[in-house]
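Only one chain is shown below, in structure tokens, and it's the form predicted alone.
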């Protein structure tokens, strides 16, 4: 969800205003994805590197997280959307971790789209934490030495969640920025110059249309006369 800060700066507003606007876009796009049949919607809200930003900006983002966790707990069943936090949550306050746990508990009884919010998340950090968890289990005799991709995936934050079909990046940047490095091995990418607060259903539709035109071979070769 890139471009919140630039959106605000372009309007002479503090960067925190951009995050507030971006959070409303997140709400709007989540609902739109739900309405068109998306089953899993994952957003990159705060990276392991974002702690380097100003105290004011970080605090504003943490307050938005608190707000949306509380809203999700109250409205998930009605909205038919369950909210799950992915990432290293150990750095969050006990209050935020408790809200995340409560949201996860409430979401277990909700039928509908799953919204994954990556917070204090980094792809390399996730893989490293997963490797450490596997090593601990192996040392304790709880894991086999013959580890395959499926077995390793079970140690990731995204365990049990399908790998993404398409990754959409707003804001004009064209890089992965440490997002879902393991899971995105065969994902399609779609980039747009639109800053996140200005992002709307039209961009989702365009991304899905582009996805539908891609030839996904997953390393194989299309047979002659097919497709």
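Just so it is clear, the structure is predicted and the values come from calculations on it, not from any experiment. Numbering follows the first chain given and starts at 1.
Although it is not shown, the form predicted in complex with a small molecule is what the next lines describe.
Heavy atoms within 4.5 Å of the small molecule in the model of the complex belong, among the stretches 158 to 166, 51 to 59, 32 to 40, 181 to 189, to residues of 51 to 59.
Though the partner is left out of this view, residue 72 does not reach within 4.5 Å of the small molecule in the model of the complex, counting heavy atoms only.
In the model of the complex, at least one heavy atom of residue 117 sits within 4.5 Å of a heavy atom of the small molecule. Judged against the small molecule in the model of the complex with a 4.5 angstroms heavy atom cut-off, the residues 82, 97 and 103 are out of contact without exception.
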